[in-house]
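Here you get one chain, nothing else, as structure tokens; it is the form predicted alone.
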Amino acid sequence: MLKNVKECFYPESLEECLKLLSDFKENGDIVGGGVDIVWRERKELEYLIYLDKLNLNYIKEDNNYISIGATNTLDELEKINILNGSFRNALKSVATPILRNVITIGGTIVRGYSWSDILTIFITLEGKVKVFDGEENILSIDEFLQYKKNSKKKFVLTEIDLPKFDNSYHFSYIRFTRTGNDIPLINEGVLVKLNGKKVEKVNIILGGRPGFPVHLDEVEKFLLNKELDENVINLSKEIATKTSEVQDDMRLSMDYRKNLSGVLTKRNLIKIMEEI
């Protein structure tokens, strides 16, 4: 429990929020849904900063992007209807309904856990984030993870932008866990753009390696300009198994993760092939 919390703040501007973060240093932090703060029992926290007055709960669309305010919860994202419902299905596979009703999209991306379902899903879908650190920056999620690691600036993540995909795009996401509600032992997202029956563009993102999600580059190169069929999918599985960059940890061995990366690649591609 947060026994050391002394005061809560509700800034009315991004500038005020940054000032509070700078003043409190490691003793203050922004609260999204609060799951991470409670779960990790961050005893150093004395000051909590809420974003409720910054109007960051929205979902907007233009011709090219869907813009998602950082304080939207995961269950609110389920109303976004893109990629023939596969985006919604991916979100529904994450955590539990109760947790999805609390966890915010901004908080999840800022925490940036390497096993995060949301990181893998949004990197696969080429999502971008808006970050305010005194000025607004627009970064891919990969760029944001490096920004967070290397920058010493205080910042507020304000928005996540997803491209709008036409009917030539197909998406699938699979997570492998010990139980249905557990964090992933490994996860993978696949986005394929078809030109006729041939693969014109493909993202295959492997997360929970452990380590931040990465492209399966060799599989992506192999799939370009090929038609998805049983033989191509089986060869993709073999390439993924041989070339995936995975490691041991206390939960899974490297060899098991390598095998799983091939299995997830095959299953994702089969799901996409069946949708075509």
Partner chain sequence: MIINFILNGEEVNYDAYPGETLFELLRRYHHYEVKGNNCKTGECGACTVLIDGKPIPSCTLLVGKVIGKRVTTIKGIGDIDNPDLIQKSFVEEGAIQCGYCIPGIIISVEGLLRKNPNPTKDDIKEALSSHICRCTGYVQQIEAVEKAIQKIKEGK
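Positions refer to the first chain, counted from 1. What you see is a predicted model; the values in this text were computed from it and never measured.
There is another form of this protein, the form predicted together with the partner chain, and it is not shown here; the text below is about that form.
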| item | value |
| --- | --- |
| Among 187-195, 71-79, 162-170, 128-136, the region lying within 4.5 Å of the partner chain in the model of the complex by heavy atom distance | 71-79 |
| Heavy atom within 4.5 Å of the partner chain in the model of the complex - residue from K148, R111, K154, R100 | R100 |
| Option touching the partner chain, based on a heavy atom within 4.5 Å in the model of the complex, out of F222, Y50, F212, Y65 | Y50 |
| Contact flag, I276 vs the partner chain in the model of the complex, heavy atom cut 4.5 Å | no |
| Exercise: N84 in contact with the partner chain in the model of the complex, heavy atom 4.5 Å | no |
| Any non-hydrogen atom of I270 within 4.5 angstroms of the partner chain in the model of the complex | no |
| Proximity of I239 to the partner chain in the model of the complex, heavy atoms at 4.5 Å | no |
| Contact set, 237-276 vs the partner chain in the model of the complex - heavy atom within 4.5 angstroms | none |
